[in-house]
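Below you will find one chain, with nothing else, as structure tokens; this is the form predicted on its own, and questions on how it binds or moves follow later.
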Amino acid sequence: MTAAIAHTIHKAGHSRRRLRRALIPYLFLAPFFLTFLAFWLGPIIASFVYSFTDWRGVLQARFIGLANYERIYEDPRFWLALRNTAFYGLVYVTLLNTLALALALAIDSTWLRFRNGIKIGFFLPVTISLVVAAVMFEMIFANGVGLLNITLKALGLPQPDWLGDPKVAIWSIIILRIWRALGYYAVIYFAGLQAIPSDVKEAARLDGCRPWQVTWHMTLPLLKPVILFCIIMSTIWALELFDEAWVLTKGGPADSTLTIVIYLYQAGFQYIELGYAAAVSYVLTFLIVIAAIAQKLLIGREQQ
């Protein structure tokens, strides 16, 4: 009897030790999960709930159903922000990926010299803070005294008001964004080019293909998954445009550079309509999810 009790106690102690050993990894992971719950999942759920309320941050939230989403649909400024974002995104994504791919192809070629220096030079802007880059370009684009207009004047060319003309201001933001992101995407394209087996290109050359034919008929088709990835990622970046546009123009002049995120910021932090801003944020999230789904479908189709 005594031996049975001792065996039971020993077995219970062994089980507790095993349980403690099993829980130790989760104790190390606990800070991450607690932080995620407090600062990520919690606010995500709360903002979704507040998107159905009239809440100004101080008074108690009042449930209003889909009124915020109906207001978004009826607000012409939202559609203006969406058009500006779509125009900016179309131009930005097209120019950025074209230039980045061309740069990657040049770096991957055998005729280009000082390739490492060129890669470093184009990648350095990525390391600069968005706000710092925007302040730099604010001085470059300054009307009359900016470096760009001084250079254009010396060349006898017109000097547009880069940040004050509604027809030109959006192009200032596009130039800044491309300058900063070009090296980053070029590195991604270059990595994709390096992954293409060299014997494939060599076999094409031995068959008599010219360099441009190898690039068009061999390299680019094999690079399609990378191209699609870069297009979708740059599209998501375009939908999230805020820092540069806010620092340079604050959405002006005449709302010509108003983006969805600036519209959201104004609703939430200038007009203190936090419930409405939460609804706008979920509309933006829906657009980003659509882009992500398109990425998965397009890449999956290419891999079939």
Partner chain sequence: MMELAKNNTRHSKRRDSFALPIGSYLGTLLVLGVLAIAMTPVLWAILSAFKTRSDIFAGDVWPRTWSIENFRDLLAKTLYLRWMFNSLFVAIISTVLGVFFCSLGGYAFAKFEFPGKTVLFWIVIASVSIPAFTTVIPLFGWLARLGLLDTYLVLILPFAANAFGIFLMRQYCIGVPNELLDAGRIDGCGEFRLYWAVVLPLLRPALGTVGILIFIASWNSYIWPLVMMRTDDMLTLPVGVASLKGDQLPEYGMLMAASVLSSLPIILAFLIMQRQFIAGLTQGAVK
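Not measured: the values here are computed from a predicted model. Numbering follows the first chain given and starts at 1. Under this definition, the rigid core comprises the largest set of C-alpha atoms superposing within 1.5 Å between the forms.
Separately, the form predicted together with the partner chain exists; it is not shown, and the next lines address it.
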Q: May I ask you to state whether residue 258 is within 4.5 Å of the partner chain in the model of the complex, using heavy atom distances?
A: no
Q) Heavy atoms within 4.5 Å of the partner chain in the model of the complex: does residue 220 have any? A) no
Q.
Is residue 86 part of the interface with the partner chain in the model of the complex - any heavy atom within 4.5 Å?
A. no
Q.
With the partner left out here, check for me: in the model of the complex, does some heavy atom of residue 63 sit within 4.5 Å of the partner chain?
A. no
Q: Determine which one of 115 to 123, 165 to 173, 220 to 228, 71 to 79 lies within 4.5 Å of the partner chain in the model of the complex, judging by heavy atom distances; exactly one does.
A: 115 to 123
**Q.** Heavy atom within 4.5 Å of the partner chain in the model of the complex - residue from 233, 152, 91, 196
**A.** 233
Q | Residues in 237 to 274 with any heavy atom within 4.5 Å of the partner chain in the model of the complex | A | 237, 240, 242, 243, 246, 247, 248, 261, 264, 265, 269, 272, 274
Q. Taking the rigid core as reference, does residue 26 move its C-alpha 2 Å or further between the shown form and the other one?
A. yes
